[in-house]
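First comes one chain, alone, set out as structure tokens in the form predicted alone.
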Amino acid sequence: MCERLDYDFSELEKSNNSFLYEFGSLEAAMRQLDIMWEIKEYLKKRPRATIVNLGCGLDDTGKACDNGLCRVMNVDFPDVISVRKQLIIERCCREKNVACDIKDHSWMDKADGSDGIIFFAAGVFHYFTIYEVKSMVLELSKRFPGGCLVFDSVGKLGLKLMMKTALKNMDISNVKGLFYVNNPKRELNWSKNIRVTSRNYMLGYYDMKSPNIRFSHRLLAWIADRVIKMSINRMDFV
């Protein structure tokens, strides 16, 4: 896929072997593994459920979790979906791409929750205001009882240390508010119909004691979880 993109990766490749670049790659991989773990757990009970990738970009987590029965729905801006269709083959019967701003709740009309539904947002809600996240969550909880939402978050310190640097690197300047959570179970307790659980992002699912992972990276992972408060949050709609 990278070879088909009209982009010069040479500058990025210069940093391939740096300590922080390696940790950034590890961090991104851990987030996907964590979210895939939650999706697969949900599919054990609802094997024909719909997996909804919010702000999908070119991410293909839905296919990675495919059990042969579930359905996949990818949602993103029209220009993003246009590029996605050029680069990624869409399965005709069990996958569909929906071109829509996810802040516009009309995309929810196209989501089928009759056999269960799990929504996930990887690296997306950081760019929303807390009002926008809360509005979406409450609407999902009304429309899809029995479904759930999984997403990652950082604390206020993480917002200052990580997100503002990321925005600068990506030359993004039009973000109105940045969403952060210091205590997910308390701060995401938005409705009696929502059950909130949360686990550490880097070490909450896997101990990272592989011989290929440096001790210094594990230490940085502990700091990311404990100090920066990186979390994977799950909200079940009951």
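Computed from a predicted structure; not experimentally measured. When you see a residue number, it is the position in the sequence shown, counting from 1.
Beyond what is shown, the protein has a form predicted together with a small molecule; the following relates to that form.
Not displayed here, the small molecule is approached by Gly55 to within 4.5 Å at the level of heavy atoms in the predicted bound form. Although the partner is absent here, Lys103 lies within 4.5 Å of the small molecule in the predicted bound form, judged by heavy atoms. Among heavy atoms of Arg199, none comes within 4.5 Å of the small molecule in the predicted bound form. Looking at Gln32, you'd find a heavy atom of it within 4.5 angstroms of the small molecule in the predicted bound form. Just one listed stretch, out of 140 to 148, 85 to 93, 153 to 161, 116 to 124, contacts the small molecule in the predicted bound form at the 4.5 Å heavy atom level, and that stretch is 116 to 124.
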